[in-house]
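In the structure tokens that follow, the same protein chain appears in two forms, which are kept apart as structure 1 and structure 2.
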Structure 1
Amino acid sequence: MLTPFQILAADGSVTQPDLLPPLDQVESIYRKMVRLRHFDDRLMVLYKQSKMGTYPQFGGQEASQLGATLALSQGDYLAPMYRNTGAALAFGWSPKQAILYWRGHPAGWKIPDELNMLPIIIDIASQFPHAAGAATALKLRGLPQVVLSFIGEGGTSQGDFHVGVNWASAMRAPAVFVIENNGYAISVPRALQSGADYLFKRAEGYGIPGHLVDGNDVFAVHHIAKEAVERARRGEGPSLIEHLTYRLRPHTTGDDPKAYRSDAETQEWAEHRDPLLRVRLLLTAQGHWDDQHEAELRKEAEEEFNAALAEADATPAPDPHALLEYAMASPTPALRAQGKILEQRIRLLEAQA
């Protein structure tokens, strides 16, 4: 068993005090984490109310996603997967958009022009070649930006995990690849994915740095990600980082984890290794935080979410014409003919109603 890189232990004690940021920064990060958690939990509630589509929760992985994403600077690129709503929000995606996205609303799928976020990828591991390509492009253009991309530990068994990391390594392209090892690929435990004890060890086979990090320690995550981002920015190529973390929630809103993992296990993580808890313990121990602060912060988060939700709710229902929009930049005659069929279908259903 290797010891993952850690700054703040699960019990709120600081294992590397010189690496801990000042308290106001700790607080600011904590505030972000609580907002993320609130967002994530509310989407589950909405789902249960049939006001949300299938949604893959990230609850439990806030430190992993936030800590890494905060290592990016303005103009950097994020190549997210479905689990990364937390990272996307940290990157600047608006909660309103995220709600619309997971509702399957075209307005939510429109990535804002000012956000260098590549599309969220459902097709496991295929975001890595995109990230590698974008990073290669940055290098060819001589730009200072970097690309950050995430994958689950299950995703590391896919061909495209290897293809992407290796491509970036061959090109010495400015990419940072993060494996969020949350223990399971839906029901399949980490041990079934590979004979490797740790996945970060793949790094050596690409000639790049590899790191094992306590993924529930937001400061450790941030510290290592920052190192990797800076390295990439200096033109020294990609890194591969493994975050040891845990998905406290079901795989998606439709999943029941009881089928494949014990309550005791989940409880252990929830009660003792929650990434938010240790920061709160630290802030509290430092006399910087109390129940009142917490209650206010939660209220704030709730109000913010409610505002975003209200905006999302106010968005007009999707227009069927969105179905053919953006299919092609210069549509073929066949697609144009299908546009007429779409009009006809709209009329047919209207007539039926």
Structure 2
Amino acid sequence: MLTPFQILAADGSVTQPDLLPPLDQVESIYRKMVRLRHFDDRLMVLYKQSKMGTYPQFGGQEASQLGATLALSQGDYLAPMYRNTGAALAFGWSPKQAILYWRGHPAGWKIPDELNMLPIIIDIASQFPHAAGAATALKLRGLPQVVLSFIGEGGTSQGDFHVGVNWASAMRAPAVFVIENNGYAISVPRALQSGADYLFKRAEGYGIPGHLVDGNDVFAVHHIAKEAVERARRGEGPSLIEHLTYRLRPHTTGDDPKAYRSDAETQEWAEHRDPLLRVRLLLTAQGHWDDQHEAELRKEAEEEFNAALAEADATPAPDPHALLEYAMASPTPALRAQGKILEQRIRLLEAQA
């Protein structure tokens, strides 16, 4: 068994003190993690209230998504998958837009012009070819930006995983590929969906560096991601990083994880390996945090979420024609046919009103 790279252990002890950032930065990162967890949990509540569509939670993977995304610089690109709402928020996507997106509101679909983020990909693994293509374009244009993309361990069994990583490697494109290995490809354990014991080893076949990281250690995640980003920016090509983490929440709001994993397993991760808990333990041990600080932070997170929710709730209902916007730059025959059907239904509803 290999030992993943780690800076902060699960019990809050520091294994590599020289790599730990100053306490004020530790606190800042912890505050961001708490806000991400709060957002994720609140969307589940909205779903249960029939105020949110199907939503893939990321709770438990905050360190993986935040730590890697914080390694990017202004102007870099993010190519997210469906479980990367946390990474998108860390990248600068507004909570209001994230709420609207997962409600299926067109106002949430369009990425702000100032944010170099590709649309969230639901089709598993296709974000990697997109990331490789964007990174290649940046290289050909002589631009200094880097592209970061995530995939679940189940997604590494898809052909698009190979296509994206292989192309980026051959082109020495400035891309960083992260595997969030949370143990389950929906309900299938990693051991049943791949014969590989560690997925980062696939990097050798592409001729690029591979890294195994404790994905619940936000500082280890950030350290390795930063090295990979800097390497890509120097023109030395892509890297493949595997984060060993765990999805504490269901696969989606419509999933029942009890059908494929035990409560005891989830409880073990929640009580002893939670990425938020280990940072809080560190801050507390250093006399930098207490229950009052925690309560104040939770209140701030709730107030900020409620403000974003109020803005989302106040967003006017969309024009039905917007359902087919942002799909294609040039409408395909199928899209034009769908447009005619949509127009007929709109007129029918107007006639019945």
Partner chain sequence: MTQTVQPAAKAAPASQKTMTLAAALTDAMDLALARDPNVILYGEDVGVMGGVFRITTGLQAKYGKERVFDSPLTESGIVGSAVGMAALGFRPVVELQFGGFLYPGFDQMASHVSRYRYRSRGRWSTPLVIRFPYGGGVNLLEQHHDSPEAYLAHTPGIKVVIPSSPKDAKGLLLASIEDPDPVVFFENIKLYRSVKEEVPQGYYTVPLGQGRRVHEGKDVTVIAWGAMVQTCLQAAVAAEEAGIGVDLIDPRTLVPLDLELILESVAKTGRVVIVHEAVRTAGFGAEISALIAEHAIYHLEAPVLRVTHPDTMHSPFNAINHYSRPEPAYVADAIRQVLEA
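Residues that one form lacks are left out of the comparison. Numbers follow structure 1, counted from its first residue as 1. What we label the rigid core is the largest C-alpha set whose atoms superpose within 1.5 Å from one form to the other. No experiment lies behind these values; they were computed from the predicted model shown.
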query = Since only one of the two is the form predicted on its own, can you say which one?
reply = 2
inquiry  = On a rigid core superposition, would Glu343 pass a 2 Å threshold for CA movement between the two structures?
reply    = yes
inquiry  = If I align on the rigid core, how far apart are the two C-alpha positions of Ala334 between the two structures? Answer in Å.
reply    = 9.4
query = Taking the rigid core as the frame, what runs of at least 3 residues have C-alpha moves of 2 Å or more between the two structures?
reply = 323 to 347, 350 to 353
